[in-house]
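A single chain comes next, written as C-alpha cells; it is the form predicted on its own.
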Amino acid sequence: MGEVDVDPIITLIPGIDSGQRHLGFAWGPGDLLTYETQYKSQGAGSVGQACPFVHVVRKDEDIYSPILRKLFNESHYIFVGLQRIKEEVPSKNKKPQFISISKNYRSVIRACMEELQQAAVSTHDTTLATQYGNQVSILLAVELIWNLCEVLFIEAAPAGALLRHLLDWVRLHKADVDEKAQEVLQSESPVQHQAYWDVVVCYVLQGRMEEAAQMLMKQASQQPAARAAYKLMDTLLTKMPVYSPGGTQTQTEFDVRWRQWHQECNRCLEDGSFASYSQLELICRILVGDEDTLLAQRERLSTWYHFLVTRLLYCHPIVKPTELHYYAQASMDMFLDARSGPEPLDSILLAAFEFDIHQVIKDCSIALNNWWFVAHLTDLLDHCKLLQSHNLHFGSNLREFLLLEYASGLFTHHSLWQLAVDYFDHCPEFGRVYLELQIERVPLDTEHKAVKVLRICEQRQMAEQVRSICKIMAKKALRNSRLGSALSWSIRAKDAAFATLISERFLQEYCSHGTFSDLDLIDNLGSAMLLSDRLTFLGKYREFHKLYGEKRFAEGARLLLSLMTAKIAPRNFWMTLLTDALPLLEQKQVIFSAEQTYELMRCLEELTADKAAQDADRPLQVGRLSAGRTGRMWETWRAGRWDLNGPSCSRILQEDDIEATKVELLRLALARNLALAIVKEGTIEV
C-alpha cells in the first residue's frame, strides 16, 4: 500500500491573521492550542493589537455530539462481545457470528443516523441543522462502505450469490423509490401520477421484478387495447431466472436458463412487440442490458455503483468475485463525467471492489474525521483473519494501531474515557503502555471519579498509577483540611511519609481541641496502622482513649506506659501522655504498680533532662515553685477546679511556667501512687 499525498485540510481560526503575525501552538492529547504571538510575519506592515484569545482546535468534534456519543457507547459493547469469541473455533465456523456482529454495527450506525435526521428537522437553529445534516451524510457513506465490506470480505459470497447480495446492498441504500411508490399508490389514480413510470423503471433497475409487474398490471387494467403487450412484459419480468445458491440448480443450468430468457427479451425487442409503447420498450432495453439505455437512466440510477449492479444483473448475473473490479472500473469510467474526477467515496468503493482491504482502510482514515469506523472495521476484519499479512514497520499491527488511536481520542472526553480502557485492554502489544500514560491525564475532579480510576488501575495491577492517584487525592484532601480522607488515601497509596505527616496533624488537632476527628477511620485502622510508626502510635493512642472510656483502667495504663517505654510515642508527645496518666494515678484503687510507677518516673526524668539541656543556653524565666504553692495547686487540681490544658490555667499562672507546674504535679502524683503501690504490694491479705 503506497503512500498517498493529500493536501492538509485548512482550518480557519476567527480573529487570527497568520499573514500578519506568527502563530504559537501547543499539542495536546487530542487538541491543539493556538494563539497569536507578538512577532510580525516577514513583509507585514503595521499591525494592530494581537488577538487576546487562545483557541482550541479539535480534529474530532464528533465525540462532543450527544447523539453520536450513543454510537460510541453502543459500538463499545459490540466490540467487547467480539473479543470474547473463542479463538479455538476455526474462523470459517465463526462466520455467522461475524456477519451478525457486522449487522449489529450497521444497525447502531443507522439508529444514530435516524436520530440525527429527526434532530435536524426539529431544530430551529440553522447552523445546528446544517451540522446534523453533514453528520447524516457522513454516516450514510460510512454505512454504505461497511455494508459493501460485509458483502465482499465477511460474507465472501461466491459467483451467483454475490449478485444477490449486491442487489440487496443497492436496494438498502436507494430507498427513495419505496417512498415514491407509496406516494403513487396512495394517490387517487396511480397510473396517472407523474411518478408512476419512474417507480416502475426504478423497480426494474433494482431487479425488483414482482413489484414492477404489479405496478404494470394497474396500467394494463386501464388500457384494454394494450393488455397483450403488458401481458408479454409481465411474462418477461416474472420468468427472469434467479440463482439460488442453496437450491439444486447448478451454475451451468442457471446460465442456460438465463441465456434463453435473455434471447427471448432480444426477440421481443427486435420484432417490435413494444414499438407502440415507449415505456415498455425502455424496460425491455433495460432487460437486455443495453448500455446506452442504462447510461441514459443516470438520474434514476444516481450513482455509478448502482449502474454497476444493474449492468451486472442484466449482462453478467454470475459474475465471479475476481472479475468484479474490471466491471467496477469500467462502470465508473462510463458513468462519471470525464471532466470531474471521482470523489473520495468513489475511490473507497472502487478499492473495495478491487478487494484491496488496506487501501479501503487507508482512504477511509484520510477521508473521515475520526477513527471510529476504521478501528472497528479493521478489528472485525482482523478477527476474520483477513489482515494477518500486513504489519506496520514500528511494531504494532494495523488493527492495534487504529484501536490505539481511537481509544486515545476517547480519553480526551470527560466521560467516554471509560470506554477507551477496554480498547486498550485488547491491544496486547502497546495497550497497557498507552493506558498507563493516558490514565494519568484523567482529571480527578471528584472522589467518586478518583475511585473509578483507582479501581481500573487496581484491577490491572498498575501499582505506580495507584500510588500516584492516591497521593494526589491525599494532598487535595489535606489542603482542604479533610484529615480523615487524606489519611485514607495515603494508606491506600502505602505512602508511609505522608501517613506520618497526616498522623502528626491529627495529634496536633488533639492537642489543640482535646478531641479527634474522623474517629470511625482511626478506630478501624487495623493492620494499616503498621504503615508508619506515627500512624501506629495514633491508632494505639486512640485505643487507650477507648479503654479509658470503657473504664478498663488497668489495660489502658499498660498500653499508655508501653507507648513510651517501647519508644512508639514521639518524645514531644510524652508530656501529653504523662498528663493523661494523672487521672489514673488519682483513682481510688491503685492502677499503676510500683514497677510501672518507676517506669513513669524514669520517663518523666528523661523528658525533664532533655528540656533542661535545651534550656541550658537560655536564662531562667520562672524559678521552681515553692512547696506551699505547689501543694495548693495540687489540691486545686484534685478538687477538679483546674484544667491544666484549659484557658483558666493560663489566667491563674500568668507568669508561671505551665510545663513546670505539670512536672511538679506529676511528681507529686507519682510519689503518692508509688507509696500506695508499695503499701498494697507489701500487704499480705489474710
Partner chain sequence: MECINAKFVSQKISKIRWRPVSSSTLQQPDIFATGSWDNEDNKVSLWSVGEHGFSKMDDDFEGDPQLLCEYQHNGDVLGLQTLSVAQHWDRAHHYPCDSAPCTGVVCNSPEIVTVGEDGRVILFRVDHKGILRTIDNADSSTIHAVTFLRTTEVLTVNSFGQLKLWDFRQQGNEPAQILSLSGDRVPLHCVDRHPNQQHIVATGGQDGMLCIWDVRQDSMPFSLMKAHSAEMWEVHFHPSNPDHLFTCSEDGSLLHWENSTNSDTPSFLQGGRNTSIMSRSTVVPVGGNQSLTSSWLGGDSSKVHLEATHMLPTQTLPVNSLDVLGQCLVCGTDGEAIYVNKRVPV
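Note that the coordinates shown come from a computational prediction; the quantities given were computed from them, not determined experimentally. Numbering follows the first chain given and starts at 1.
Separately, the form predicted in complex with its partner chain exists; it is not shown, and the next lines address it.
- Mapping the unseen interface onto this chain, R571 falls outside it, with no heavy atom inside 4.5 Å of its partner chain in the model of the complex.
- In the model of the complex, its partner chain sits within 4.5 Å of a heavy atom belonging to V451.
- Although the partner is absent from this view, R492 contacts its partner chain in the model of the complex, with a non-hydrogen atom inside 4.5 angstroms.
- Remark: H76 counts among the residues lining its partner chain in the model of the complex, judged by a heavy atom distance of 4.5 Å or less.
- Put simply, of G160, G484, G431, G207 only one has a heavy atom within 4.5 Å of its partner chain in the model of the complex, and it is G484.
- In terms of contact with its partner chain in the model of the complex, the residue from R84, H124, K567, R479 that brings a heavy atom within 4.5 Å is R84.
- Note on the interface: of 298-306, 532-540, 68-76, 238-246, the segment with non-hydrogen atoms within 4.5 angstroms of its partner chain in the model of the complex is 68-76.
- If you take 419-454 and check each residue for a heavy atom within 4.5 Å of its partner chain in the model of the complex, you get L419, D422, D445, T446, E447, H448, K449, V451, K452, in sequence order.
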